[in-house]
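One chain follows as structure tokens, the form predicted alone.
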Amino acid sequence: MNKITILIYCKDRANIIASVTNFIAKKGGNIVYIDQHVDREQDIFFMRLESEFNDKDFCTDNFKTIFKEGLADKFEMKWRVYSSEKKPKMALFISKYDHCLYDLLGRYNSGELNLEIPFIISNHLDLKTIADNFKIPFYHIPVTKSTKQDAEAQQLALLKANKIDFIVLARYMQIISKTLINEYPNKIINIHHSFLPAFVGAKPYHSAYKRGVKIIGATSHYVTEELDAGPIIEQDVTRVTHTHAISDLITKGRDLEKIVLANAVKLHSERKVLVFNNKTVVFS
């Protein structure tokens, strides 16, 4: 059984859904999932489709060619076809905070995340023992103002050598440069507390506590050149009251960060996110 996922967006027009489903049927495919959305303001059609093929000679690359020539070009589609046989490869970038790292590796180890983690990169050695415990290669690449360019060259070499599909910044406390972003557009996932930009700096929860906030949250998004302004993949919030101490806010915030980042990683790795004009369409 060969299973593929197709992601599509194009200008909205009549007969797109019928054309796609008929095309799949004529090629011997059985559609097991389909969802679509039309952005009325921008007149853009979005679709996600999963299909199974029983033909033992089915080839994903051949399907891509005939899909392009037989359908995609006609509707001027932007599209991607992914085979379920190929698990996406995810690289983890970390610094000193361990909560998101432990959570992702725990989910990965239990089989919850359908992906591969070829290695972990860190600008510090503090969390190397965690990588060792999970038997994942760990690379220590220090980053300073004077060595940043060389450090990124080392990172890129590792990413390309291991054919990495996307990167997750699991509380990696470094600004990602234009070079890396251009190599992985909408493929670098970040997590941060939702106080930005209202509560910036090293201690946002302390600032929020002083203001007496009633909710705290977390946001996971793709990285762009504009800091913390990329397309949002997932968000969540929880309520707090005057009875909560700063330590409670930090604990609740980190719990949210773990959940939101894990959900974003799942959505991306399962090919459920489409980016258009710095916004995302997230399919169920």
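The term rigid core refers to the maximal set of C-alpha atoms that superpose within 1.5 Å between the two forms. Computed from a predicted model, the values in this text were never measured in an experiment. We number the residues from 1 along the sequence you see.
If you look for the form predicted in complex with a further copy of the same chain, you will not find it shown, but the lines that follow are about it.
Exercise for the section: Given that the partner is absent here, state which listed stretch (169 to 177, 73 to 81, 145 to 153, 127 to 135) has heavy atoms within 4.5 Å of a further copy of the same chain in the model of the complex. Expected result: Among the listed stretches, the partner-contacting one is 127 to 135.
Exercise for the section: Report yes if any heavy atom of F199 sits within 4.5 Å of a heavy atom of a further copy of the same chain in the model of the complex; otherwise report no. Expected result: It does: once a further copy of the same chain is placed as it appears in the model of the complex, F199 has a heavy atom within 4.5 Å of it.
Exercise for the section: Mark Y102 yes when one of its heavy atoms lies within 4.5 Å of a heavy atom of a further copy of the same chain in the model of the complex, and no otherwise. Expected result: It does: once a further copy of the same chain is placed as it appears in the model of the complex, Y102 has a heavy atom within 4.5 Å of it.
Problem - Heavy atom of E183 within 4.5 Å of a further copy of the same chain in the model of the complex - result: E183: no contact with a further copy of the same chain in the model of the complex.
Problem - in the model of the complex, I44 touching a further copy of the same chain (heavy atom, 4.5 Å) - result: Outside the cut-off, so no.
Problem - Every residue of N2, L115 and S122 near a further copy of the same chain in the model of the complex, heavy atom within 4.5 Å - result: No.
Problem - Contacts with a further copy of the same chain in the model of the complex - residues in 249 to 274 whose heavy atoms fall within 4.5 Å - result: The stretch 249 to 274, when checked against a further copy of the same chain in the model of the complex, contributes T251, R254, D255, K258, I259, K266 at the 4.5 Å heavy-atom cut-off.
Exercise for the section: State yes or no: after fitting on the rigid core, is the Cα displacement of I232 between this form and the one not shown at least 2 Å? Expected result: Not so; I232 is displaced by less than 2 Å.
Problem - Flag for N54, CA shift 2 Å or larger between this form and the one not shown after aligning core - result: Comparing forms between this form and the one not shown, the N54 CA shifts below 2 Å.
Practice task
For V32, state whether the C-alpha moves by 2 Å or more between this form and the one not shown after rigid core superposition.
Solution key: Comparing the forms between this form and the one not shown, which are aligned on their rigid core, V32 does not shift its C-alpha by 2 Å or more.
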